[in-house]
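What follows is one chain in structure tokens, specifically the form predicted alone.
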């Protein structure tokens, strides 16, 4: 078995965290390929190395003395080296960076967090170090070249059967370093898992997998033991983010499972993410509940609208001209609403409304107050009658008014719109309702 193990910033923030990583790697011989993020926060008042590197680059850009900040960054790495008694000459890399900093690209500067952290980890584990720029091939538009990456990997694997690789960056065809979006180390791990055809991709972080609801709203929510890629996509889009959502795509077509685990509690079961999970008639009706605030709807009405071909398309084309993404389109016979994120239109919402009036001449066009969207997601909902009834009854009992309802044809989720002020109440009551349903299902199985 081959496992790709990726450790997030909190897992490598200090020498003590390095020791936890080493214990995890040494506990399983199949953990031979390790992807490392830049050192993260050691405590709530600390700074992530990547944030400091971005700030250091800003100092260079605006001709502010960057040496005090650089020395602070360097000391983080030197402290880990001293505490662990490592021998890798990290001082040489730091000196090279200090001298070249004014000439380095933004991408190369911020990639040094992963680069230096990984060098220290490779020394501590006794594994070879492989630079991500020599492995992860990226096109000039930022997309990944999986064929070239696989070819590079084959050459590396001819020389070594294990290694440590930095996450978050790769190289362009001209050899220049190119970083990914924040959280990109998750993507690096998934690319490596795909190209090496791993059996599983382990993503080690500071939480024990995905939770059924936000712990800031629900006290001690249940852990999600297994979840499909589709369910994960739905929940992540609504803000339940543990794993970078782009990390899913390289693995999904090959159905390589992702196991999200906690470095600080390695014996916790975590969450398995995979594409094919056998239907379970006794399984939970709902997998998870997540939501986001501050959406608005443009409500449009016009007599005989249903007979006017292209009416909705023309409205959407106006939004497209302003670069606005549409979340949902609830509709009636002679009316429909376009739901958008408030932040996407805050600069030009009245221009958009004026343009729609000019083109479409609707009878009524109205802008709603901001509201929240809450997604109740579950792969078993489409085969279990009564899900919607329980959901609406729970919200009604809690005194929450439903302002919008949307459900996709796959019946994977039910989305409701509620007032921002009712957001926490709605999440909590839905969790309580479907958590009770899970207990009822378990009781039936045990009878």
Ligand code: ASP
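What you are looking at is a predicted structure, and each value in this text was computed from that prediction instead of being measured. Residue numbers count along the first chain shown, from 1.
What comes next is about the form predicted together with this ligand, which is not displayed.
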Partner-proximal stretch of 384-392, 34-42, 400-408, 65-73 relative to this ligand in the predicted bound form, 4.5 angstroms, heavy atom:
34-42
Residue contact check: residue 250 to this ligand in the predicted bound form, 4.5 Å heavy atom:
no
Within 4.5 Å, heavy atoms only: does residue 57 come near this ligand in the predicted bound form?
no
State yes or no: in the predicted bound form, is some non-hydrogen atom of residue 284 no more than 4.5 angstroms from a non-hydrogen atom of this ligand?
no
At 4.5 Å between heavy atoms, is residue 185 in contact with this ligand in the predicted bound form?
yes
Within 4.5 Å, heavy atoms only, which of 204, 168, 210, 201 is in contact with this ligand in the predicted bound form?
168
Contacts with this ligand in the predicted bound form - residues in 41-66 whose heavy atoms fall within 4.5 Å:
48, 50
